[in-house]
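The structure tokens that follow cover one protein chain in two forms, given apart as structure 1 and structure 2.
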Structure 1
Amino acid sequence: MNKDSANMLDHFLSHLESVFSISLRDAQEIIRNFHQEMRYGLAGGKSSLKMIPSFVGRPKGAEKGKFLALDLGGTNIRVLAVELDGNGNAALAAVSKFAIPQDVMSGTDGKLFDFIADCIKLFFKENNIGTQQAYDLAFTFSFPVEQSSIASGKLIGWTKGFTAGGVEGEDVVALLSEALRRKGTGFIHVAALANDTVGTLVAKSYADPSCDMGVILGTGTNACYPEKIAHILKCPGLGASGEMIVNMEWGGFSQLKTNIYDHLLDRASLNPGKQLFEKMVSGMYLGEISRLVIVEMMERGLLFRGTSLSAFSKGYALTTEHLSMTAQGTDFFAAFGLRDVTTADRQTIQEICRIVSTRSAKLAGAAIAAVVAWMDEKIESDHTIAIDGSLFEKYPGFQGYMKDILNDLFGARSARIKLELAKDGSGIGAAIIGAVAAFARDGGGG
């Protein structure tokens, strides 16, 4: 590479660093905007944060017994039995996993829920669980739902390739309960409808009372936290005391500083103008943002000179897994038909991946900071943040960048904020939600 080319490359990478940067001032503005949107959302006003009441609070840690959970979030169904010992310990007693056939995902009225009920029956058989007693079951249903109580919610619309008829606009708990009765499993009571993010918070807080936030940082992103019921102004019938977990749906947060690559991605997406925070943070989109940068640099002659653009011409061909490989010191070049890649090009790709993933981590950290500061303005208490998802768990350096922005914002007080991995929240957490609901119903007995 000649001197002029090297200078042009350095200049472009410096420009790239600046348009993806999240400064301390940017993070402080994100916090202010988050608080404004939270306030509007809780009051029922126009807001990019939905702030959906979950109708469940955090567990006390004293809930005890065996509870069932049903997890439907994609092309598989999981049925779990979880044992709670009443001392903050939750153990997975049994689990069965079932693939959902395509004809069931797109079937006619009742077919999907009859299939689910059959899977639950098979779970009891496979794990030799007796059917002589009643069981409470919590239903994790990771699709858009308008929830009206802890055990009722209407499907707003299918996503993830589902088109099953007779479900949209209907109460999914009622549909499941009816199918259980049809299949002779009426001894199972659907005690709660759960969201996977809420499950993550509940699973961690069962053992750790300082846990007051659940976050998903994987293919998608979302968060929840316990809010004072008196502050949920859009639901005046909830009462005036106590707290309730609020599902923020923060992937929709829109008060953000965006750049040309964000605009290109958004315009070409299936939902332009929506889920802006998710498009800048989550694993589904980081590879695509990086691909758009690579394509521009190739067009400018700054990268892979003499190589056809065709390898990078397909949308979403570059994934977050490819970025993660780069961060680990390996590469994805062979998969794109690239051979004899120069040292300069390797270093450039590493820089692009670092710049894009660092922004994601810092945005996630700033959003967590906003919610923690909402709950505890001066960060006077300990806060455990339960986080599930492959970005947080597996992407090299991601956790460190999140902690960096928390330290920039709060200094020494950031040590009171612990970011902890909480795997399988949608399973174990759902069972604990069922326990919380059952204990509330039974007046705290058990």
Structure 2
Amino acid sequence: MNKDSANMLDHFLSHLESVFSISLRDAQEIIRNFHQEMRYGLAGGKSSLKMIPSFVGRPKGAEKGKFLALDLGGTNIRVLAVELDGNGNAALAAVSKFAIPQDVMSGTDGKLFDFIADCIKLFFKENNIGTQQAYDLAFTFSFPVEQSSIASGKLIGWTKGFTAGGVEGEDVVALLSEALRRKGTGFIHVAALANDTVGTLVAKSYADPSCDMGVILGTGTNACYPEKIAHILKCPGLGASGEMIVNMEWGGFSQLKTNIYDHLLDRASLNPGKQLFEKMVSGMYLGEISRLVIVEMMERGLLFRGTSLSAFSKGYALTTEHLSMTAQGTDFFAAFGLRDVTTADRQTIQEICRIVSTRSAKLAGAAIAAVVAWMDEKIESDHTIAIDGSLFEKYPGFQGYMKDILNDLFGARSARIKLELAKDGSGIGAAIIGAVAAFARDGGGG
């Protein structure tokens, strides 16, 4: 590379760094905007945060029994059997995982739920679980749902690339129950509907009372926290005292400083104008943002000796797993059929991945800071944040960048905020919610 093009490359990389940067001031503004949108959302006003009551409080650690959970995330379906010992311990007795095929995500009426019922049947078979008795199942459905009780709720609208027909506006518990009957598994009773964030919070707080936030950083992103019922002004019928977990649907947060790549991604997406925060933060989109940067840099002659490689021309060809590999120091070039990639190009791609993923982690950290500060303005108590999702779990350095922004914002007090992986939390927590619901139904009185 000659000196001129090296200069142009440096210049462009610093430009990227600046359009993707999240300064302390940006983070403080995000916190202010989050608080405003939370306030509007809880009051039932116009807000990019839906703030949906979950009909669930935090568990007491005494719930007991064996329950099934079904976790529909965005990439996979997990079926789990969970045993609760009544002393705050939740053990995973069996688990099966199934990838959701593209044609099921975008299929027509009934196909998705028939597929789910088939997965549940396979789970029984794979784990040699008897089908002679009845089972209570909790359904973790990680899409925006307007919940009307602990075991019913309508899908508001698909996110994360799903478009399956006949589901929007419908009660997803009814759809699942009908599919289970159609498939001859009517001995399974759907006892509870939960959002994955709520499941994650419930799972961690079963054993840790200082846990007061659940966060998802996987295919999509979302969060929940326990809110005083008296503050949920839009639902005056919920009662006057106590707390209820509120599903924020923070993927929809829209008061953000976006750049040209965010606009390009959004415009070409299945849900333009929606889920803007999710599109800047979650695993489904980080690869695509990076690809859009790479395409521009190829066009400007700043990568691959000025040739435009067709490997990068298809939308979503680059995934967050690819970025993750790059961040680990291995690379994805072989998988793309690319040989003889120069050291300079490798370093440039590494820089792009770092810039895009750092913004994601800092935005996630700033959003957590907003919710913690909402609950405890001066950060006077301990807060355990239960986090589920492969992005948080597996992306090298991600957790460190989240902590950096918390430290920038709160200094030494940020040590009171613990970010903890709650692996499979969304499924385990759903089982605990199912236990509470079944207990109440069977005359336990709550």
Ligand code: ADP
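Source: prediction; values computed, not measured. Just so we're on the same page, rigid core means the largest C-alpha set that superposes within 1.5 Å between forms. By convention here, residues take numbers in order along the sequence of structure 1, the first being 1.
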Just to confirm, one of these is the form predicted in complex with this ligand and one is not; which one is it? 2
Please identify the hinge among Ala62, Thr131, Thr219, Ile120, treating the change between the two structures as motion between two rigid parts. Ala62
Would you kindly give the rotation angle of the smaller rigid part between the two structures, in degrees? 22
Cα displacement of Thr163 between the two structures, once the rigid core is superposed (Å): 8.2
